[in-house]
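Just the one chain here, laid out as structure tokens, in the form predicted alone.
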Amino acid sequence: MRKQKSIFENIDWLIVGIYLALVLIGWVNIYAAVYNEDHKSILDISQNYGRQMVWIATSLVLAIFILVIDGKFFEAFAYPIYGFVLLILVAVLLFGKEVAGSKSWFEIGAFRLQPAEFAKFATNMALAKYLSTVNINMKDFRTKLVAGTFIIIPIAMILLQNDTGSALVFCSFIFVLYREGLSQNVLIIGFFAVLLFVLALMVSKIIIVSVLAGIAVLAIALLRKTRKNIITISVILAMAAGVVFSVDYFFHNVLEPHQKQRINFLLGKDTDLKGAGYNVNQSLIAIGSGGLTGKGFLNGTQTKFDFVPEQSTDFIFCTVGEEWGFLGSLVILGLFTALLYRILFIAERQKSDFTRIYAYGVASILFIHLMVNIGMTIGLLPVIGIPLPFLSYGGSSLWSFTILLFILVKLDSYRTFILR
């Protein structure tokens, strides 16, 4: 195997360019989100935008460090890195600081670190390592069990930290498993389970089960009345009914009060615009008031007067919508779309199975973050508190997304030969 002549050989500069554009746009909008007359300098490290500058600088150092490392390192040490991150997740449960109800942070002075963010790329590497192993087949039950275990362990640890939003992101790996041969029936079952869950919160459960029973009877009548078909349809009906009747228990005994309030608001069962619906309502006002071209840089009234909570973190897209309008929002979505498309293009040109699988993991994680974050700012999804990649304020998220992406950039630079 030949060696690279330079760390910049075969680097995909389009990905790097999109990354830098998004990070720079994020920094400017964080400045706008927390701007005040007493702190005008964008380099003021007492403010979020000044601290974000430090995170950006250190992220670039991390990116260069990753590009310097031999590409074989990431596959060779995928399991040890995964194990180390799991230990950190245990440590934060024991010694972490509780912030906003979640015990998911290490705090040293003004420095905070959220291990759950780093579990994403570590899980992605471990999953890619396992699925790229010789003789692994997603049709085998053992393969599904082991792959599922890699994903479920960090989910369980993060749920114990009371950080539901971060835990849900790990569901994105279902797309990776599907790409590697998982039956589409799993996706279909998952979709209908979510649909039944939502319907059970809005419609009488007796009505839902009655409709399902009617569909089952019709299916039996239309299909061949074999014992196998009747048993299969009956089992599906029983499982669907089980999901419907378990919703109340899950909703009232598993979800936190604020999570229940947000779901009720989203479904129209709670219209308290000063309570659970305040964030989303103010977010919609901010984005809607931007119109086509926006109010202009630093001219957003919702932004300037702090009507939207967490506007530099979870709701950073509000600032984009208000100050840059529909066209500015379209630019952001266009950059993310280009990034996702490029990652998928990179995935399919690989000779290395490990790199291909890892690339699909990167795309899946970024897609879920993008969909959920923007979905919650425009009222299509409940507020679960996850950042918009590269734009939201926060060192942990920016570091983790930088590591996630630049490991792929490094692995892709070896695309002309297999990493073995």
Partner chain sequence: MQNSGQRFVILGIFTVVIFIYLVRLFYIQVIDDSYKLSANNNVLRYITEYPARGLVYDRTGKLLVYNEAVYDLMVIPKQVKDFDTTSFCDIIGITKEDFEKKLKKAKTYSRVKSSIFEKQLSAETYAVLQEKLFKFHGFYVQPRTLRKYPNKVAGHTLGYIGEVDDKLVAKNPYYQSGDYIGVSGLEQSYEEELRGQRGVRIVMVDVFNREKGSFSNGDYDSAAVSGQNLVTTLDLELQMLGERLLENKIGSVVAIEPSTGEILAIVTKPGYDPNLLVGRVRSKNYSQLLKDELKPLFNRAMMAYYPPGSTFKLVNALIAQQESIINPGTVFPHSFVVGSKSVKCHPHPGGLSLEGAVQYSCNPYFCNTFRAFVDNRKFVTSEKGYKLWRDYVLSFGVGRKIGVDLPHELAGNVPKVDFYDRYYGKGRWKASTIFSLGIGQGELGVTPLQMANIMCIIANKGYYYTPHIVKKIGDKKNTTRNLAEKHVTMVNASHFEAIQDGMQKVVEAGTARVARFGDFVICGKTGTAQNPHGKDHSLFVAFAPRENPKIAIAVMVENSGFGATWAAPVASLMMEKYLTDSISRPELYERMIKGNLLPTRKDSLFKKTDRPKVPEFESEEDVIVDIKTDQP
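These numbers were taken from a predicted model, which means no experiment stands behind them. Numbering follows the first chain given and starts at 1.
Not on display, but discussed next: the form predicted in complex with its partner chain.
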Only one of these stretches, 228 to 236, 141 to 149, 215 to 223, 344 to 352, has heavy atoms within 4.5 Å of its partner chain in the predicted complex; which one is it? 344 to 352
Its partner chain in the predicted complex: within 4.5 Å of a heavy atom of each of 30, 47 and 108? no
Please run the contact check for residue 363 against its partner chain in the predicted complex: heavy atoms, 4.5 angstroms, yes or no? yes
For residue 292, is any heavy atom within 4.5 Å of its partner chain in the predicted complex, or not? yes
Could you tell me if residue 306 has a non-hydrogen atom within 4.5 Å of its partner chain in the predicted complex? yes
So in the predicted complex, does any heavy atom of residue 179 sit within 4.5 Å of its partner chain? yes
Position in contact with its partner chain when the complex is considered in the predicted complex, options 71, 165, 96, 325, heavy atoms within 4.5 Å: 325
If we test each of 378, 63, 384, 53 for a heavy atom within 4.5 Å of its partner chain in the predicted complex, the one that passes is 378
Residues from 321 to 356 in contact with its partner chain (non-hydrogen atom within 4.5 Å) in the predicted complex: 321, 325, 326, 329, 330, 333, 337, 340, 341, 344, 348, 350, 356
